[in-house]
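Below sits a lone chain in structure tokens, taken as the form predicted alone.
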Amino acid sequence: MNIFEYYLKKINKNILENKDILKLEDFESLNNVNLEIPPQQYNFDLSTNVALVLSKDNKINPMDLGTKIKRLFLKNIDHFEKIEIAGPGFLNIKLSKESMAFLINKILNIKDLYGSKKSNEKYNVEFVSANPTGPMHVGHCRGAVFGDVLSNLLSFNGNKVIKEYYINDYGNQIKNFVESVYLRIREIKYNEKFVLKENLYPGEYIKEIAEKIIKNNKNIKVDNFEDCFQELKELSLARSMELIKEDLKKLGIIHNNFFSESELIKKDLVNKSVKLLQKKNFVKEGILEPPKGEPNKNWKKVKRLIFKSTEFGDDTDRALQKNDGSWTYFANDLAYHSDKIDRKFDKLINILGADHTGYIKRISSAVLALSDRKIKLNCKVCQLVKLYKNGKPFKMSKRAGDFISAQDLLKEVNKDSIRFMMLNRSNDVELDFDFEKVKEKTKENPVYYVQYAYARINSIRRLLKIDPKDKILVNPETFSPNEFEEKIIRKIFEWPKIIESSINKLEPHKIPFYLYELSTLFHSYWSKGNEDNKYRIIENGRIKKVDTLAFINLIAIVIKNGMDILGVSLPEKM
């Protein structure tokens, strides 16, 4: 039940049926008419720009047109009780009490589906994709939560979503990682000193991986690195991915698919993808200038295959080959996205770290080229997370080597707090994560405040011995909400719009913001009842108005739907 869609249909229908009375000839802009919640100071339920939009194309004074439309709406749309013209021609609409009751009962009947909109698209959401050279760090946590919640949001709307992790298990960083494990194994077995060379991994977790490999592979031979590389690579990566999956599971995240870069190479997908682009005439042989702003000491002016990414909006064409003729990382990534396209996804979404912003244009161009411009890749970048404890920056982890691990974070605060607070700001700005704040049992801790609202509603149900599954509706004939209830109802009505906007803009942070605002309205109402008997919900162990109980159930439905999307639990008691 989306009241904005419901009444917008009535508005458009009424306009078209009365076009002669309104003296309208141009209706192309009718699609630009919208319906919103007006600013709180107006004390109205809906606001539409219909008069403004139509007056411009039909060259009519918006106030004059607004006056005519107002009369028509009050005459023809039963649910509109009062309409006022504001500003340059906005129509602010007050719904009747009967219509509010009608809408509330509709929502109470659909419960868990409230806010969802039937869709049936196939999405691939790739997120985390951290190099499997060690445990997850805090930056990965933010992208992991963002990707998981965005996937939940898309699934809530009925889409089929594949949560995917791309394993970068090929290249020099993997060789350095395996060599680090190799040297740690020799340190443990033969008491050889671990000498930290350039590009090796120093963290304590490397020792743990080495110890695990020794324990489970008694006969492993590590006399020569080159001889044991392949076996040690498989064992090291398997253990590293186990650690990553364990961290993800503790965060409530389970991927549907893990795609290996090594498998991509084995299947020769890079050659196939490049040949496909050559057939489309999007690849040329030529010489590129060294990349701007990047170290170019190893760059040579040699002929190489080049992707014509400027034809798809990129700043420059991109090399597919290195100096020695081997494929670039971009060529491998291009092949990976070609495979995604072959898997027939309707939409592709990548969640990237803060250091990948400059990579977006080239891979987005590749997807357009590979799909004949039929599929667009959406990339969302999650900026850095700054951790604070007792007002000071949280120190680095000795275990990880040079970063703060996800395990460090999980030792300090629980999964629910991490998931909620990682979305406490838009993904494109840095996030300050204060350990003390997320442990507070106050309004200053958003996740606690939302959970407490739900627990408070359940305490009311327990007191009245009401089963949450019981169907309790409002009576249209007696329903008469007070000013606090009207504010909450408007916020409840806004929920489908929040879902729609969050999906269209790929901005799941709007969900926790909304839930906090809704919970704040409910807590304020409860507190007012403690001050003034007129607003008291419970009196002498009984509910003052049966309609209020239905109204409270409405709040619980929306909070539960929202927290399910966030993957955050809702305790019955607090």
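Numbers follow the displayed sequence, beginning with 1. Note that the structure is predicted; figures quoted are calculated from it, not measured.
Omitted here: the form predicted in complex with the RNA. The next part is about that form.
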- Could you tell me which one of N168, N105, S116, S99 places a heavy atom within 4.5 Å of the RNA in the predicted bound form? N168
- From D227, D78, D346, D432: within 4.5 Å of the RNA in the predicted bound form by heavy atoms is D432
- Considering the RNA in the predicted bound form, find the one stretch among 172 to 180, 116 to 124, 334 to 342, 150 to 158 with heavy atoms no farther than 4.5 Å from it. 172 to 180
- Any chance E36, A455 and K510 all have a heavy atom within 4.5 Å of the RNA in the predicted bound form? yes
- Message: Taking the RNA as it sits in the predicted bound form, is A354 near enough to touch it, meaning that at least one heavy atom pair lies within 4.5 angstroms?
- Response: yes
- Report whether the minimum heavy atom distance between L30 and the RNA in the predicted bound form is within 4.5 Å. no
- Query: Would E164 sit within 4.5 Å of the RNA in the predicted bound form, counting heavy atoms only?
  - Reply: no
- Message: When the contact criterion is heavy atoms within 4.5 Å, does T67 count as touching the RNA in the predicted bound form?
- Response: no
- If we check the RNA in the predicted bound form, which of the residues in 363 to 384 reach within 4.5 angstroms of it by a non-hydrogen atom? Q383, L384
